[in-house]
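Let's start with one chain on its own, the form predicted alone, as structure tokens.
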């Protein structure tokens, strides 16, 4: 069998298990036991993107992050009617449907519109609230932009995966569409002149305008489909029992007019209080928590990545063609795919089989597996940099192959590769920010919470940038200290 065929066979065997995950995730029960499963677990896990006031957003209460808004209150009422506790999972809006389909969440309550395309993959409840589509613009441009026709050849922003994104594509085809995952990032783009307007629902647009004197909300005159206009609760496909409970809850809320009489005024009160106490210093606990999780992910990633990377490098240098092929397959595959995709695959893909897999654990696993591939190549290059004569001399003195590696090759290789290893460790601190997309409370995730809570976009990012610099600069100096000791030795 040729080397190419062996490599292909190993790759096929390695990733067959990955493809089997899809088969497991698509199996459907013949009967709907969605309500029974939630009651058995004792909790309703609701996915949301908490950067969309007054629907869902965060506030700081007694030093802790609290999720509030119209959708959060609806989620509480639904959990109450089911007789279970409520658990909120905050993640990017465009990750919510994946989380639902992989059963990481039981429902999505995030001002999501029941479009025909979404109905193909998930079930929706009745619409619980309908709001017009507005445009958020800079106050200085109020005289320039008034109707949709004024945005011809302009740049318009919208949240990726949202109904607003589709509206821009359909009704503002002459404009340049800029889609981002976070609404707070779009507001930054608006204030920095990267976009001329942002499409969002009326309550949200007015909320941002009310809390930022430089912005204003306008009604440009969008034409909306009556079937897709409004917000509904999304559930996994074939969950009629759960949809029925949700519809009953929505009917109860509408009958008492709780959204207009209670939920919106309550959200407005939270927003007003948050605006009065939105200094960066008051959110230091957010940044502190972000630093803690970032360091946990980095240290764990370095530790497990180094161990696995060492084994992979030895496997690649092994005389065994099977071990060599497995190592090459793994390294090339991991280095050839983005870390973001790997993080989402571990959490949503493997997590579809291991339902109890926490986001933090998934993030550590993905970062460790990714780092191992790069560390393996660094270690391999260090080992191959040692002259063959030293290995031969050690063996001629009676050392075994293991002893030669342990006492002669590895110590010298480590000295040679230390700068490259140090660079990988420093890079890992920054790359760990990717895990925020699955809801891990790292520094980037906490920064986004501060942006959402304070209605400030640039300042929290600047503080996060300084914190990342301090961590990476400090680690670089520490690694340089060890490097000098190695050189001295």
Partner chain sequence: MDNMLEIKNLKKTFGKNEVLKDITENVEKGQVICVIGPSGSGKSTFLRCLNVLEQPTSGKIIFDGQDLAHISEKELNVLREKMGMVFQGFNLFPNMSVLENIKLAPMKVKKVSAEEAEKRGKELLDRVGLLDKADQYPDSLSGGQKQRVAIARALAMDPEVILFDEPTSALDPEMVGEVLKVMQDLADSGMTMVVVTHEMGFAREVADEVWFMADGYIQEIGKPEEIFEHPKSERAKDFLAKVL
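Just so you know, these numbers come straight off a predicted model, no measurement behind them. For the two forms, the rigid core is made up of the largest set of C-alpha atoms that agree within 1.5 Å on superposition. Residue numbers count along the first chain shown, from 1.
A second form of this protein, the form predicted together with its partner chain, is not displayed here; the remarks below concern that form.
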Margin query: Counting any heavy atom within 4.5 Å as contact, can you tell me which stretch out of 236-244, 339-347, 393-401, 113-121 lines its partner chain in the model of the complex?
Written below: 393-401
Note to self: Since only the chain is shown here, I'm wondering whether residue 131 would be in contact with its partner chain in the model of the complex (any heavy atom pair within 4.5 Å).
What the structure shows: no
Checklist line | Close approach of residue 83 to its partner chain in the model of the complex, 4.5 Å, heavy atom | finding: no
Item checked: Partner proximity in the model of the complex: residue 389 to its partner chain, non-hydrogen atom cutoff 4.5 Å -> yes
Check: Quick one: does residue 358 come within 4.5 Å of its partner chain in the model of the complex, counting heavy atoms only?
Finding: no
Note to self: Going by heavy atom distances of 4.5 angstroms or less, which of 408, 259, 314, 218 would be at the interface with its partner chain in the model of the complex?
What the structure shows: 408
Item checked: Heavy atom within 4.5 Å of its partner chain in the model of the complex - the one residue of 412, 169, 310, 126 that qualifies -> 412
Checklist line | Threshold 2 Å Cα movement between the shown form and the other one for residue 189, core superposed | finding: no
Notebook entry, point to check: Does residue 399 move its CA by 2 angstroms or more between the shown form and the other one when the core is aligned?
Noted result: yes
